[in-house]
Every structure is written in C-alpha cells, then in structure tokens.
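The chain below stands alone, shown as structure tokens; this is the form predicted on its own.
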Amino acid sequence: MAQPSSHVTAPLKDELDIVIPTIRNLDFLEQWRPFFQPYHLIIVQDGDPSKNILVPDGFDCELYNRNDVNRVLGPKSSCISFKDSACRCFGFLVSKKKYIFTIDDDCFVGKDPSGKEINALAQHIQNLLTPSTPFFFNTLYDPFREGVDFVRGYPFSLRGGVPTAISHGLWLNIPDYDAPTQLVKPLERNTRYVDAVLTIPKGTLFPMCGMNLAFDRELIGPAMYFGLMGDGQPIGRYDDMWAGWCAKNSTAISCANSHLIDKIEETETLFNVCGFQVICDHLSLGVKTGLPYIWHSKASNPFVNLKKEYKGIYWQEDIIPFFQSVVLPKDCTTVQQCYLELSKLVKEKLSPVDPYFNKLGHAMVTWIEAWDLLNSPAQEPAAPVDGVKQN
C-alpha cells in the first residue's frame, strides 16, 4: 500500500461529500485517510441491513442502510436499487453539498510514473472548477490545465467554455471491462498512465464508470440516477452507464443562458448546423475524462458479471441509437424537466425492446419526485437511524 503524504490540502472541504456504496467493512479508507479525512462521508450499505459495517475511527461519516432508505423515502424507495452499486444514489439524494465524489471500496490510492501518490479528489475538484470545451476540440486537450492554452485556430468566441458538470476518472491495474472482454483478457492490466484531461465533445456519448467519479450536484444532480438495477431486475452493471447516457443528454438544455445563446447565433454558420439541435449542443454542460487515476485492486467474477450484463449487451445496441436521437423540447429549462421528458421517451421508445424499460421510465419519475422531496429549500437533512454517525 502507498504511504500517505505528510501534508495534504483539502479544497472545498465544506462543499463536497464523498459517497461510498459498500457491503463490507471499510478498511480501504485507511489508505485514503490523508485525502478523505477532512471531508464528510456518506456510506450507503447495500444488502442485509442487520450486518454491522465497520468504519475506521476518525472519519466524519454517516452510514445508511436499507431500513434508512425505506424510512426516508417511504413508497418512493422503490427507485433505489438493491444489491447493486446503484444504491449509491441514495447518498446523492441526502447530501446537501454542492459537489459529490463517489468511489468504490476496492479502489486505492494510485501513483503517477514518478512514484508520487495521486490525490484523486484534488484532481476531480480541479476538473470541476475549470470550464469544459465541448464545442470545438483543443488538440492540447484541456486548455485550463497549468502550462496549456488554446491552440492557434481555436475560435475566441468559444474560449470561455461552459461549466463542468461531471469529472470522470480512470483506473490503473484492473480496467473497467465488460464480462466478455474480461473472459478473453483475464490477465490484462492497465499500466499506462496518460497525463491528460479532455472534454468529451458535443454530441458524443460515453460509457461512464461510477467507481471514480465526481460531479456538480447543483448543476446535474437530478440526472445522476443510476437506474433500477440489481436484485429483482433483469439487468445489472449498467447503472453508471445509464446515468452517463442520461446526463450527457439531459444537460443539453439544463442551463439556459442568454450570453451563450448569443454565441450560438454568432457561431451558427461556423458549425454549419441549424435549428434546435444547435441550442442543445451549445447549452450543454461539460464532461471531462482522463485524470485522475485510482488503483482498482480486484477484478469481479466475469461469469457472475455475464449473468448480470448479458441483456444489457443486447439492449445497448438499441439504447445507444435511442440516446443519439433524443431531442428535448425547448421549454425544458431545468434538469428535472429534461429528465422527466426523457423518462417519457424511454417508456415510449424503449419499451418495445423490453417491458423493463417501462418500469425503468416510471422509476425515473419516482427518482425526480424523491429528489424534489429531499431537496426543497426547507427540507432538513435525513439522519440515519439504523445506520450510525461518526465524528
């Protein structure tokens, strides 16, 4: 295990929650202690709520189990997946902070090629606090990193960028592969460290992984629903990808801004596009991917994964074209409005693929109702009962 640095700064200490889904004791936090200890942790316990989950001493944390989910949400608890990492969404609901960082309990501190420990949280925060540039690709990648700028030929009217909603980190050691790839490459390990951050371009979907992920909860939180997966559902291991596909589309018109609209009109001929799709592209929030890396310590069982994934492997051939064709109405100006509209389209367009998508579409509506219930201005934080709070 990497030895912690003696001095670590804690940016946004009072504005960020760390959300961790788990079924086991959280010994892995010991390695993260110098980086995570200044922050508030929300632990979402999956599986049997009578099982005691041990958290190392000294962390400011709240631990919620399934009984807490049922108590806080009542009938709306049906939208929170069971026996699946998608249960982490409950942590997104009860948080009152502006930013969320979520990580899995088999992820540890990585090292860069010089041997220096990677402060993944600090890099995510840097990504979120600097603009994204989804509308014109910068060949030096993220122009807001130190020592980098926009290259010659980059339009000055677009250099202000847009707010970054999601920061997607990567993995050393065990890659995030699906079951078929795991089966044909059982010994493959990622040792390649790429010192780069880039914005995912407009109109491009991506397979989002939830094990090393941060987002601006105020900008995109209602769209970060990891779906209805796991126990009792015909599919698993597509929870984070579902959230990524929805968020990349939902954000398209979630932050109407007259200044950006003016820029759209000014640059319409530059991009040789017209109509409402222009507004969708130009009002997107940004998504960055690349740094930071974490050390993913163990590969899940590919045969177990295949049982969870196999329908998703078939369905994604219909899901991806669906998301590529989504155009949301111009009068949807909030993330909630966009997401509810998207839920209608899911039920309408994907239910012919399988009745599960009708159920998922209803769960998406329930999720938004739960979000609004717990995030009204007068709402008090949800305290754990069966779980514990430590300081």
Ligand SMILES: O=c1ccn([C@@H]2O[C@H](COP(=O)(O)OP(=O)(O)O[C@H]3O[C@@H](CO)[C@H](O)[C@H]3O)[C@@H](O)[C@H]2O)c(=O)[nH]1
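Please read these numbers as outputs of a predicted model, since none were measured by experiment. Start at 1 with the first residue shown and count on from there.
The same protein also exists as the form predicted together with this ligand; that form is not shown, yet it is the one meant from here on.
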Given 138 to 146, 184 to 192, 86 to 94, 68 to 76, the stretch touching this ligand in the model of the complex at heavy atoms within 4.5 Å is 86 to 94
Is there a heavy atom of D216 lying 4.5 Å or less from a heavy atom of this ligand in the model of the complex?
no
Touches this ligand in the model of the complex: M211 (any heavy atom, 4.5 Å)
yes
Using the partner position in the model of the complex, report whether D178 sits within 4.5 Å of this ligand, counting heavy atoms only.
no
4.5 angstroms heavy atom contact with this ligand in the model of the complex for E117:
no
Taking only heavy atoms into account, state which residues of 224 to 245 are within 4.5 Å of this ligand in the model of the complex, ordered by sequence.
R237, D239, D240
